[in-house]
Structures are given as C-alpha cells and as structure tokens.
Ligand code: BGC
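Below sits a lone chain in structure tokens, taken as the form predicted alone.
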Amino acid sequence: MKAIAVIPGKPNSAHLVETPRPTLHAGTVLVKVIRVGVDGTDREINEGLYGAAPAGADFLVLGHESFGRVVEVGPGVKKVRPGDYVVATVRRPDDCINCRAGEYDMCIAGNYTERGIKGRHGYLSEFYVEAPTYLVNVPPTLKEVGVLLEPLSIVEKGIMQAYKIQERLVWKPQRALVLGAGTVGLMATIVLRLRGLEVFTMARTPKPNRHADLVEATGARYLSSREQPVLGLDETYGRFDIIFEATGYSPLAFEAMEVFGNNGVLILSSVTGGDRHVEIPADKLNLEMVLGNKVVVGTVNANRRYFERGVVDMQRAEERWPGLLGRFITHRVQGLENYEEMIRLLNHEKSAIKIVVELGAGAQETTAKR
C-alpha cells in the first residue's frame, strides 16, 4: 500500500513509499483511511526539526490527524464494528503510573510514542491497524468534519483541565482571550463560546479575512495584533479569566501573563522549537502570579477522554452554527501521490486553516479551495 513518509532528521525528505498492508490480529481493528489533516507538526518533521522512526525502520509515515472507516475487526473486538467511522488518538503509553491509569498524555518518564511523530508510523497511508481502545467512534452526521477531532481534543484537554484546577475555589469565568486564529485557536473560540464566555480572538491579519469571518460567526470578537497589541488589552476590555495561547510565538505567552486577571488561567498550546530569548518584567510577573492566584497550564496530545468530549462539542457546534466546522477545511489535496502539493501548501499557503489529504474514492487530482 502507498504512504507518505519522511526520513527523520533529513530536511525536505517527504516521499511516497510502498509498504505492506498491515496485518489484522486478535484484539485489533483494520481501518481504511478516508482523510488526514496536516499541520505545522508535519511541516516541522519534514524540515528535520524532530520526529523519530519506529524501531528497526529507516522512515516515518507522517500524519497524526486521522479519519477513517473500519474495514474488519479481529477476534475479541466488541466495541467497534465494520462500517464505523473512527478517529484514532495519537499518543501511546509507556509503563509509568499515569500511563497505566489511561492518562498517557501525562506520562512521567516521557518514553511514550506518538503515531506519525515519535516512534510509530502515522496515518498518511491507505490502511492502518489499531487496538480499539485508541479508536473513538464518530457519528455519521460528523463524517465530513471528523478529521478536525484531533486538534479539537487538544483544546478540550486544556479547557477541561483549567476548569478542573479551578475547582479549588468559586470560579465563574466570564471573559476569555484566544491568541491565534488557526485551527486550534478557532477550536478554542468555539469551545469557549459553547461554555458561554465572552470571547476575544486575536490574530495578526486585520479584517476582512476568512479567519475573522469564522470567529465572528460564533459571536466572538476578532482583534488584529497589528492594530492593537496584547499588552494593554486588559485596559480596553478588562482582565481575562481564561487566555488560550495558540500562536506558535513564545513571547506572547509572557505578554499574556500581564493581561489575565486574578484567579485566571493561561493555557499554552504552542510547541515552540528554537532558541528565542525575550526580556520580561520578572519581579512584576512573579508578584502578580503569586498574589493573584494565577495558573499557567500546558496542553498537547490528548487521551481518549478529550476526544470523546470533542465529539460532543462538535455535535453541539453543528447544531448551533450549522456548516461552520466544514468551513475550517480550506484546502484539499486529492490522493497520497500528490504529497508535493501537500508540502507546498504547508510551506507557503498562509491563508490555509486546515489542509487535508483525501484518500477516498475518486481522489485523482489535486485541488485547493480558496
């Protein structure tokens, strides 16, 4: 079968490979891939910045945002049936206390693996085999947008943990700031609006643009950092109870610390490589964090609980804003053979929100919806 792979550590090594179709065993499930979302993680792995091949392999199949349909189940599988639509989680556990408890996104030792990223092949292939415990059922009503579930799970994890942490006090957040209007930032906007918060979502590009249109369709307010910086937002709009940072630009995390309110939570979701340095008002930040009972928490690859919550919120979003999630998918690459077009879009299409590779029937040529 065909797959898109890289040689980890070698820049710009994405290529098409032929690999054996995976073998179904007892307790496993064979899934036909329908579409896969790609993002900055895939771009950075192709740039050679990180990524690790499975043991004994000299390449890594890319793709961690999956959507597919069950073809066959092995003996002993009861919770998943042929014909089911599924999304697979990304991280696989080590043997630490959290991993054994199903909280493998909180691995203590860091010896986990991740499909399409670290030590396990990903989903940019025609088929994959997986244990049902890592498969999340998606109702047919969400089959056109189910590929968005993996990035949504990261948002669900961060926001659910913020509420869990704040069970330590009486906490009724009213106002939220989302930094970044890419896929994760837009998902955070939706989840926070579903929770009833007043939401301000900030990105660089001034209106009009498609990101702003999607933000405002939820009833949130779109702000441009070119017109108004993060510092000072609290003076204009009041201090924020929740800030969700999803820009990929680490200095904004420290600016955000200056504009969130007492008992506030700052959620960081950007994975930032490099060696960028900034000066910060350390004493002031430390004092305000301590006296204001403020919290900073990170969120990254999630366990199935957050995927399941994402399915619920996807359904709620479709009911409240019909068709909105589908507008997140702005570019489609038809077929694995067109991997060079996928890479071109990842590297150069700044207007993209979500790029997906279509593997379904009829994928014959590359198109880009703009």
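Just count from 1 along the sequence shown to find any residue number. None of these values were measured; they are calculated from a predicted model.
The form predicted in complex with this ligand exists for this protein as well; it is not shown, and the discussion that follows is about that form.
In summary, the region of this chain contacting this ligand in the predicted bound form, judged by heavy atoms within 4.5 Å and restricted to 134 to 142, 75 to 83, 186 to 194, 296 to 304, corresponds to 296 to 304.
Residue in contact with this ligand in the predicted bound form (any heavy atom within 4.5 Å), chosen from Leu148, Ile117, Leu214, Ile242: Ile117. The single contact residue among Ile154, Ala256, Ala220, Val265, judged by any heavy atom lying within 4.5 Å of this ligand in the predicted bound form, is Ile154.
Using a 4.5 Å heavy atom cutoff, Asp39, His64 and Arg91 all lie near this ligand in the predicted bound form. Heavy atoms closer than or equal to 4.5 Å to this ligand in the predicted bound form belong, across 216 to 253, to no residue whatsoever.
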